[in-house]
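A lone chain, given as structure tokens: the form predicted alone.
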């Protein structure tokens, strides 16, 4: 299996003493209605890189996005709570800038001494952060806006560090345009990205077999590319979640009101044909928990085979759960991305929880397991199984694109070892 070769320099390969260091983090933490952080996991995972830079005498400027404010300021997506929590974790004040660019932000960055830390406000409060490179190439005004925004960020520092694997597959200004503008200056990765690249690369370059992929979630369209790639690499693909009904409809099954991407029914059948040609087994659910209306506390029933009109599937049924578990039990390499049902509404998290336990048990028996973020990671953490999983990726979409074999240009331009 071909994987991406990315032997990049890290923060231990450079001298940060007396330097301004601009670091892209992934502080996209969950907040409650009162803007309290409900999980600081992403902040904690950034600490090793942060502490290394501060301990080495660097003046650190942190930048991140949070949520999708769509280019407008939204106080409910402010990174101010992150600055507070980071200050607690570091045991020192983390200065907070009320914007990520502008004269006041530049002044705060300039005033930093060695060992000081500054967190910039949400990058996505500016539309320029998420302008796609393709759009920028076709529109001079968009290109100028993105370049102007990125230049203000790039001018803050002497060194660029990328430790945000969750956005490594995106051409955001902070991820690509900023390091591109800092050509000639050190541009390296942090420990979090280093771990992701090493683990994903080493695990996937020579996988122990059987190699099993488990895919769930709502949309086949989101995972077309990775399925096409995986059918040539894995021995078995288990498909659950709403995306399964696009495949089942193509096989002539009645799916009731279950979610289905009708535009991808034919494509789904071609993928199944490709899998058969590659001797890759595809396992689909044979029974389903179904409801007339999806809401908390609703009564459900189990449908085997076809689903009656007026009902929609919200989770895999017990026969499917057992069949999935049987197909995971002998695996030696496991990749899992996406829930088996409407994970957010119990008891329709049962199928997802069953899979999480099965993956943990297979890992206990010697399998190498990778969980691709999102609801899959949430299920594992909710059940207290983190220590029984080989690797929980910090980037759901990024890990999928890595599996697909896509190049991450924002990493390609960083310094090689």
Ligand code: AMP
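Please read all numbers here as calculations on a predicted model, not as lab measurements. Positions refer to the first chain, counted from 1.
The same protein also exists as the form predicted together with the named molecule; that form is not shown, yet it is the one meant from here on.
- Comparing 80 to 88, 177 to 185, 277 to 285, 307 to 315 against the named molecule in the predicted complex, the single stretch with non-hydrogen atoms within 4.5 angstroms of it is 307 to 315.
- Note on contacts: among 259, 145, 265, 298, the single residue with a heavy atom within 4.5 Å of the named molecule in the predicted complex is 259.
- Comment: the named molecule is not present in this chain, but in the predicted complex one of 165, 343, 160, 336 has a heavy atom within 4.5 Å of it, namely 343.
- Within this chain, residue 26 is remote from the site of the named molecule in the predicted complex, having no heavy atom within 4.5 Å.
- For the chain shown alone, residue 222 is a contact residue for the named molecule in the predicted complex, at least one non-hydrogen atom being within 4.5 angstroms.
- Interface residue remark: residue 217 is counted as part of the site for the named molecule in the predicted complex, having a heavy atom within 4.5 Å.
- Interface residue remark: residue 375 is counted as part of the site for the named molecule in the predicted complex, having a heavy atom within 4.5 Å.
- Along 226 to 249, these residues reach a heavy atom to within 4.5 Å of the named molecule in the predicted complex: 241, 242, 245.
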